[in-house]
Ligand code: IVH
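One chain comes next, on its own, written out as structure tokens in the form predicted on its own.
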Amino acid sequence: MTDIIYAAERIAQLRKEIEHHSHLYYIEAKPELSDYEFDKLLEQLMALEQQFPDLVTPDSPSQRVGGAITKEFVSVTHREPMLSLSNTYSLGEVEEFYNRVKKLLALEGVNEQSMVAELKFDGVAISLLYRNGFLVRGATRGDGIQGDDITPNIRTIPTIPLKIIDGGEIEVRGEVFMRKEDFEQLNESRPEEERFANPRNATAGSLKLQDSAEVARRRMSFVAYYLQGISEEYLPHLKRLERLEELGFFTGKQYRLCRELHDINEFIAKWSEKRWKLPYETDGVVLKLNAVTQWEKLGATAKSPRWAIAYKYPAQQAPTVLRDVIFQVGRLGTITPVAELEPVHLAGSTVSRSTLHNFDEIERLGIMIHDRVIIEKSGEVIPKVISVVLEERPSDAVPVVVPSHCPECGTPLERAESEVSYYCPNEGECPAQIRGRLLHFSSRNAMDIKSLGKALVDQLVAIKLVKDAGDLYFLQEPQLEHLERMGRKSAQNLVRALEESRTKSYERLLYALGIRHVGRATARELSRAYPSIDALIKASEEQLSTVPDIGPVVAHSICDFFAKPSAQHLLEKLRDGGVQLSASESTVQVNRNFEGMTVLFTGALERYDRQQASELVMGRGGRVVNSVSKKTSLVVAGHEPGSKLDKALKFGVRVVSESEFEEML
């Protein structure tokens, strides 16, 4: 009895301490503990709860670590439609909205039209349902009427209270987002080709993962901006935001009651630059009528409420000078030009580099070293050079010269007649290519070796402990634990991750090998046609060309890869290392609904992440592509689809919504 009393007291103390430090980190942005110290507190709590399972409660911080694997997300109907706001980039349209609301309220005999101005978080809309104080459901917006129940994933987000001091049935709505620091750490842990373009993309993809433990590791946040179900139905919006804070929700706190139009304009102007100093991305200002009792009277259009609007800040641009162009080497030896810029402050950060993609892009821009250029950053992590100020070209401007030798290993570069890029052919010894191949091999869509990050790969290659992916499976803890930033625990984690990767599918391995032109879709077709690596090696170019998704160029690339002695040595090591080199069972095709179709996804989907959606298409006989052409069969357009949608419409390609896509499945 004494033990359980002590355990109950210690558990209560740990929970209080963990919630306090979680609040300091996510709400106040004033952490007092390191991540390591925080994790130790959580480990103590979980150990005690495991020893005394009767003391576990639904609102314990231990319930946020995840672990549930969700086969599929159940569709749920929202209590009230989750409408999206009308967007505008024009202050003139903001004024029109303000005057329109004023006129509509006057018809109702209402003279008070104060607006609440809030910062617009660039995240994913979510609805939370609480019953008798406990969180019982978290759902995506979906089509506004129905969304997906993603409660296991929602419970992992620290700024979402698992319990609130309010009875009855309460609904809270808001945005799940990712703080800049957490986003940077997530991207740093991923191979370069697998990195997310911006925090919103990372958030949208993370919320639809089927492994809630992985969701927990991504450290997302939640901002609340809507409260319904309280007894005081008359309570204005400003007071509801304050009530949300009292209930333990993060609201951003940067909101203001605006009684006149000039107050709104002042708020928008104030945060145009100030927002970049915040620890999270904001892309505009949301205006809502403060009088909630008038919302229903004003009503809504088919998609948006008439009592609210979102003003979005225009893309940020800045002039700077191109100091130089350096050349990076990719895992396949591709040489990518990178602009080194005169440091310039843009969108809250100092920009000193930007990719130039390839030498065709340099020619298209007409860019020269020492040119004055315009760079742009619109919610993107990596800025881009959009134009050259030709009228200000200096007399010392010099053309960008294509390098003749690899900047990493000094090997003479080559260029195929049909391609725009230059390549380093020294794939066996070029350190940059070795590092790139290892990072690709360990990436999430390949062998998913979570503990193998860039810093560790750099070390392993530098000391020549690893020369190819096969060497990974013979690493021992003593070799690793003395490396920089490793230690015994990290060494154990890597060895464990490598052990887990041995069970990854043959299809994943084919993609992980990094064969030129062989993406995930092609790897799947190859695994179906040749269910073992031995059978695949024996296939001729002519035989490979009969496989769906494979033409003469890809077939030649596959045969060329397996003909190299380095590839044969790699496969021998992988075989000896216990990696699966054959399919354990035949891949079953669900149906043929997408037979012969090429499908492109653009924008953020609500019910699937991009990988899941692609798997659904490929499992029904279709191919997934990344660029639009006249030969594209179908474009599935999600939220904020971008330029690919415009191109699809121009080519006359069929475009469908996510709901229509689901029907086609």
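These numbers come from a predicted model, not from an experiment. A residue's number is simply how far along the shown sequence it sits, counting from 1.
As for the form predicted together with this ligand, it is not shown, yet the points below apply to it.
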- Message: Can you work out which of 420, 455, 83, 91 has a heavy atom no more than 4.5 Å from this ligand in the model of the complex?
- Response: 83
- Query: So which of 120, 524, 200, 437 reaches within 4.5 angstroms of this ligand in the model of the complex, heavy atom to heavy atom?
  - Reply: 120
- Message: Can you tell me whether residue 125 touches this ligand? I mean in the model of the complex, with a 4.5 angstroms heavy atom cut-off.
- Response: yes
- Query: Should residue 511 be classed as touching this ligand in the model of the complex when contacts are defined as heavy atoms within 4.5 Å?
  - Reply: no
- Task: With heavy atoms only and a cut-off of 4.5 Å, decide whether residue 243 touches this ligand in the model of the complex.
- Result: no
- So, in the model of the complex, is residue 175 in contact with this ligand at a 4.5 angstroms heavy atom limit? yes
- Message: Suppose contact means a heavy atom within 4.5 Å; in the model of the complex, does that hold for all of 278, 345 and 383 with this ligand?
- Response: no
- Tell me the stretch among 95 to 103, 334 to 342, 286 to 294, 394 to 402 that has any heavy atom within 4.5 angstroms of this ligand in the model of the complex. 286 to 294
- Item | Heavy atom within 4.5 Å of this ligand in the model of the complex - qualifying residues of 127 to 152 | 141
